[in-house]
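Just the one chain here, the form predicted alone, laid out as structure tokens.
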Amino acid sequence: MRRNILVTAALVPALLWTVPASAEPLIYGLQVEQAERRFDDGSDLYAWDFDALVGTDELKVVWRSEAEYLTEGKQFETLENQLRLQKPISTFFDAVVGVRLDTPRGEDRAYGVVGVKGLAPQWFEIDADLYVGETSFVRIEAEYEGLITNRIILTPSVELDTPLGDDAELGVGAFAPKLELGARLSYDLLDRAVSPYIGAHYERRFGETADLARAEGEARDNLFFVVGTKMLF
């Protein structure tokens, strides 16, 4: 099944790629939203979240990577890599298709991805994705950059993962979500290229997902103090 998912998900981007290219200039860049250490009582970890892209305004290829690495156990708690294509469908939103491969501790997982990404009213950045695989799930992310001064920015964020089926190996139960809330205060040290920050990150599991975490000796929720930096090139 995993092979079929990967083949199907790979064909859709390939078909989109055949759309005649415009005269738009080639653009590329790296946007690191999070490169940080999270501090907790005995469960510190490193985390990253970045997009690397190349393409045009009409079609972009994006490599998205997110991970959490446990400092004590010296292993990945989560490790996600996605290859996505983004194509505008309105003034402020892109359609997204692609593939995702998770290779943390335990069983690997492969998914096809469809979703939208863009700016909602009041300039909230929104990502809403459906991941189709052995255990499909929906992820919705929202983030807002609030200017305190021209250089100091407060960025609240929320992420909700909702599994659509049971997967005990991954520690998730059907329709029992995981919620992540963040607030990061950054300072634009070199324009927007390097912006170190401090902040807080909170995670909470619900329902059967929380029960499975407790069975593994993990807490239902965690609150971290974070130190890190944003980067934009």
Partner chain sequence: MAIATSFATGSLAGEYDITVDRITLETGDFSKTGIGYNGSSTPTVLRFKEGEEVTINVTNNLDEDTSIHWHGLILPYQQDGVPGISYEGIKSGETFTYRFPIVQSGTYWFHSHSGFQEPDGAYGAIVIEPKEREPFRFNREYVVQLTDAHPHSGDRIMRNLKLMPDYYNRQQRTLLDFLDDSRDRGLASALDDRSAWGEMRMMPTDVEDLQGFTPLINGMGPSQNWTGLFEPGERIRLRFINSSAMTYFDIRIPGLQMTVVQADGNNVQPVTVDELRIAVAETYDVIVRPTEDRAYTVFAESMGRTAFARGTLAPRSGMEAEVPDLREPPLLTMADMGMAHGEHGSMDQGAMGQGAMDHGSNQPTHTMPDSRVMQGMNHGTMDHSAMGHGTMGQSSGQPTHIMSDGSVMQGMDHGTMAAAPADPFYAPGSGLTPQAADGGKFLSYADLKAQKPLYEHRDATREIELRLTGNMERYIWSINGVKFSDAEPIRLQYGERVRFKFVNETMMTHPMHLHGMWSILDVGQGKWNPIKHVVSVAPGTTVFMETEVDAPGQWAFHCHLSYHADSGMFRKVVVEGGPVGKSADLDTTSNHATGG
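Positions refer to the first chain, counted from 1. What you are looking at is a predicted structure, and each value in this text was computed from that prediction instead of being measured.
In what follows, reference is made to the form predicted together with the partner chain, a form of this protein that is not presented.
D221 versus the partner chain, in the predicted complex: is there a non-hydrogen atom within 4.5 Å?
No - in the predicted complex, heavy atoms of D221 and the partner chain never come within 4.5 Å of each other.
Could you tell me if D41 has a non-hydrogen atom within 4.5 Å of the partner chain in the predicted complex?
D41: no contact with the partner chain in the predicted complex.
Is E24 close to the partner chain in the predicted complex, meaning a heavy atom pair under 4.5 Å apart or at it?
Because a heavy atom of E24 falls inside 4.5 Å of the partner chain in the predicted complex, the answer is yes.
Test of understanding: in the predicted complex, would D166 fall inside 4.5 Å of the partner chain by heavy atoms?
Close contact is absent here: in the predicted complex, D166 is far from the partner chain, nothing within 4.5 Å, heavy atoms only.
Pick from D129, E80, D161, D94: which residue has any heavy atom within 4.5 angstroms of the partner chain in the predicted complex?
The option sitting close enough to the partner is D94.
Suppose contact means a heavy atom within 4.5 Å; in the predicted complex, does that hold for all of Y46, R64 and T103 with the partner chain?
No: none of Y46, R64 and T103 comes within 4.5 Å of the partner chain in the predicted complex.
Name the stretch: of 72 to 80, 107 to 115, 145 to 153, 129 to 137, exactly one has residues whose heavy atoms fall within 4.5 Å of the partner chain in the predicted complex.
The contacting stretch here is 145 to 153.
Using a 4.5 Å cut-off on any heavy atom, which residues of 194 to 233 would contact the partner chain in the predicted complex?
L232, F233, in sequence order.
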